[in-house]
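Just one chain follows, in the form predicted alone, and it is written as structure tokens.
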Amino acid sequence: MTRRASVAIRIGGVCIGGDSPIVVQSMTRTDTRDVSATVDQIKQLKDCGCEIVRLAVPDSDAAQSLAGIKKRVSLPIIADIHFDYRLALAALESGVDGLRLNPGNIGDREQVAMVVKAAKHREVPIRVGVNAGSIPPDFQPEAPLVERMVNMALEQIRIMEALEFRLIKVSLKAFDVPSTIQAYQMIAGKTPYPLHLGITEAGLPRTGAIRSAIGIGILLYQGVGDTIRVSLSAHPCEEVFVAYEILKSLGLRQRGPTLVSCPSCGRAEVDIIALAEEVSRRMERIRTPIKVAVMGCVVNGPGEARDADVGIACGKGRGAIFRKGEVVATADEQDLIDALMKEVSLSDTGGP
């Protein structure tokens, strides 16, 4: 696939756009005014692979807390600003690495201009973050939703460009997957700035991961997108996990194991579901890109296991352990997982 060309910007030490890898983002669930709790969650996010983190800034106390948080973490911090432009100015004073402005509730030209001038002085990028649910009713009410989303983003981009500010990133999120896809497709050729992808308010992990994988995955396959955030009603580390699985499935990023496991059927002579779940649990802290196969019968099992870096092909009460296509061990069913994990550990270099 060929990626859409975009200009490169930097948020903290992370490059976005251009030829840079697609960046994984998330957002803290803590009260930003609780500095210790927020710092702890940011560190958890860093450990699970998050590369940029966004924090809610509902009031001036939260904006002032950003300075203390920034001193204690290494991930770039983006301040999420709604309704009050003064919170953006305060967040900049606190030293954030980026801003997110919602043109649906901060659209006054003078207010936007004040924020842009302050951000330009500090060389801090701004995301023009359009949400379908927050577009004012009086903004182009006769136009289709997708056009309204795109036009609202372009209107704020024009304000910024008029001030010679081009450290811009853009997002156009909706809960509706087709509308989100169409909005990004429409704006992709109208602006050179990096695009941040996401399906907003996607839901609980099971359904939200599916909605996000479809929406984000289609756009990424078309070459559209420079950063992603999977919005789930779950711990933010779950968002990071799903984001990397989307990227891995398209061959765009590799981080941590890829588990190949058969769905099980009447031919399986071992409890393949329990085996796969336990292998997945044991591999949670592995960061090395490694393909591990857990297969339960003779139809596809040996072939898939040989194709993986490490794999297991099960028969009745026993299984063969493969490494790079070669059988390296056999084990009884009760010892299969330990034997497999021994081979996995030999391939774990610590990861990126």
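Please read all numbers here as calculations on a predicted model, not as lab measurements. The first residue of the sequence shown is number 1, and the count goes up from there.
This next part talks about the form predicted together with another copy of the chain, which is not shown.
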Response to the item:
Within 4.5 Å of another copy of the chain in the predicted bound form by heavy atoms, the stretch out of 148-156, 177-185, 70-78, 117-125 is 177-185
Worksheet item: Judged by heavy atoms and a 4.5 Å cut-off, are G133, A209 and A276 together in contact with another copy of the chain in the predicted bound form?
Response: yes
Worksheet item: Heavy atom within 4.5 Å of another copy of the chain in the predicted bound form: which of L259, L89, A113, V224?
Response: L259
Worksheet item: Contact between M160 and another copy of the chain in the predicted bound form at 4.5 Å, heavy atoms?
Response: no
Discussion item. In the predicted bound form, is there a heavy atom of another copy of the chain that lies within 4.5 Å of any heavy atom of Q140, even though the partner is absent here?
Written reply: no
Fill in: Residue contact check: G203 to another copy of the chain in the predicted bound form, 4.5 Å heavy atom
yes
Item to complete: Flag G315 as yes or no: does it have a non-hydrogen atom within 4.5 angstroms of any non-hydrogen atom of another copy of the chain in the predicted bound form?
Response: no
Worksheet, complete the sentence: Across 264-287, the residues having a non-hydrogen atom within 4.5 Å of another copy of the chain in the predicted bound form turn out to be S264, C265, G266, R267, I273, A276, E277, S280
